[in-house]
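Take a look at this single chain, the form predicted on its own, given in structure tokens.
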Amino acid sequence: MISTSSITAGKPFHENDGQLVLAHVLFAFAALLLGGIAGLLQAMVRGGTITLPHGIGYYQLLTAHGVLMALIFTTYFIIGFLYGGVAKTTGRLLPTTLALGWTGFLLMSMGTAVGTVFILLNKATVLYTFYAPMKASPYFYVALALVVVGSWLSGYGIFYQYNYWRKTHPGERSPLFSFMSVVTMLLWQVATLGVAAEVLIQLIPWSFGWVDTINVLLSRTLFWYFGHPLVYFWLLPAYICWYVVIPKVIGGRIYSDALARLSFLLLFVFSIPVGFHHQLMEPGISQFWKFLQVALTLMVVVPSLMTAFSLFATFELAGRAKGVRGVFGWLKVLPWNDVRFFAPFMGMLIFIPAGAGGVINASYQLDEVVHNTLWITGHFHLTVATSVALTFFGIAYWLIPAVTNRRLTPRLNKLGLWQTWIWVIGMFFMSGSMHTVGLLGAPRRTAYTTYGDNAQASGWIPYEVVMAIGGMILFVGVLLMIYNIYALLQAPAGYEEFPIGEELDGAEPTPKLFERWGVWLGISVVLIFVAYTIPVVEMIQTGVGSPGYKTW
């Protein structure tokens, strides 16, 4: 079966479309560099290897690292990548789509600039979770609101382009990449309603002094309503690469269009009403509602396993089509020397222990052991900083040449392979030591301390030194990635493929129900109301207000 996306997949990128994509991608990697500098200093301080000069605080660096890398780098790259794929699979971006995309980019950039300035001025040292009752400058919260609103406009641009394609192609199945892009941005639109409500209704009035206190439990609940779907906002674009791009790169076919769409819809439905599993140790939330959301959390294992099955079926079928036999014979013919495959594949591989760690974190009794320890930080770095980041790096090596009409040269491909290995090795040391010392009780979100030469805390020091070594190796990976981005922009002119896979012949047809958006949005809304309505009403009625505190 020939996918409709193949109609435009072989054409050079239009300049206007490429400029929008490139602006987002370059902004993302600028944020990666700044966030990487903050992360390096943070890791060295936590490892006890350096002392920061007066005027620069550990928690200030922690905030900058979290905001720039976890929120800004990911959001910009995702939007750029999605716009690129939508343009390639539905045709040139429409004027309205471009206008929404650029307006969103400008608003997000204004918000990022203002927010970063206030972090650097040490007026917003509240970490990327911006937990109340720590109070930042009101202009930091205004900046966050601009970032959210800008991202909404970018999402509307993708929705507009997709809707136009469907109107002009009645009865046709939409391109898989575009369908997945819509699911990703729809998840973002619904999830950010929580953080938007927190920022606009609670944090901004409180930080300006218009109200004296803030309902802390409600504030944290609204954040985690957004905070866990944020993880899937990071992961879904990586899944798009794994499902749609990688089959083309390895010379295979997409195993099943229907299975891919269903996995995305299930992730959309089950990834939002699950925030309480981040609040299992919080008082004020009844055990029943925590149990319900833990059960919903574990439901996301199903589409994740569907994804693993589909991917490895694609690998095996591609190998058998090339004549290899045996249970693992297909491993021999995968393009290990192609960074477009190798970097995302390492992300896939590392997602196996990362996903297992997520099941531990969401299990009540096990979470009691690891909650607020460095285990959680190690898990976070395996998911977003390894599985997601490596996939994004792998995408960048072909996306930037594709939108600038340049070529990925053999030299740049080799540098990309080196950068991938550096990242994997650095993360092995850093995340591995975080997981281990977390099990020994070392807390997260704290600067270096011996706790008065306490014997138990002294036992953590060797692991924290290894964390610092891993952070240094990772920073080398950041610098090499930034150099590679620059080199890609200077690469020889030519044509680089925007790889869009085609479905396997004889695959099961895709049900039309999968594109009835009202059904899936309705199911999501029902689950959200069931999971949150009663607990939130109770928080509003019984929540305790707190004044703001500045602890830095």
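So that there is no doubt, residue numbering starts at 1 and follows the sequence shown. Note that the coordinates shown come from a computational prediction; the quantities given were computed from them, not determined experimentally.
What comes next is about the form predicted in complex with a small molecule, which does not appear here.
Asks: Let me know the one among Phe393, Trp188, Tyr239, Trp460 whose heavy atoms come within 4.5 Å of the small molecule in the predicted complex, would you?
Replies: Of Phe393, Trp188, Tyr239, Trp460, the residue with a heavy atom within 4.5 Å of the small molecule in the predicted complex is Tyr239.
Asks: Taking the small molecule in the predicted complex as the reference, which of Thr103, Thr116, Asn361, Asn122 has a non-hydrogen atom within 4.5 Å?
Replies: None of the others qualify; the residue that does is Asn361.
Asks: Answer yes or no: in the predicted complex, does the small molecule come within 4.5 Å of a heavy atom in every one of Tyr128, Leu311 and Arg445?
Replies: Per the other structure, all of Tyr128, Leu311 and Arg445 touch the small molecule.
Asks: Although the small molecule is absent from this view, report whether Val148 comes within 4.5 Å of it in the predicted complex, heavy atoms only.
Replies: The answer is no: Val148 has no heavy atom within 4.5 Å of the small molecule.
Asks: Taking the small molecule as it sits in the predicted complex, is Arg173 in contact with it (heavy atom to heavy atom, 4.5 Å or less)?
Replies: Although the small molecule is absent here, Arg173 would stay clear of it in the predicted complex, with no heavy atoms inside 4.5 Å.
Asks: Does the small molecule come within 4.5 Å of any heavy atom of Leu144 in the predicted complex?
Replies: Heavy-atom contact with the small molecule at 4.5 Å: absent for Leu144.
Asks: Would you check, heavy atoms only and a 4.5 Å threshold, whether Gly355 touches the small molecule in the predicted complex?
Replies: Close contact exists here: in the predicted complex, Gly355 approaches the small molecule to within 4.5 Å, heavy atoms only.
Asks: Only one of 272-280, 189-197, 173-181, 84-92 gets a heavy atom within 4.5 Å of the small molecule in the predicted complex; which is it?
Replies: That would be stretch 272-280.
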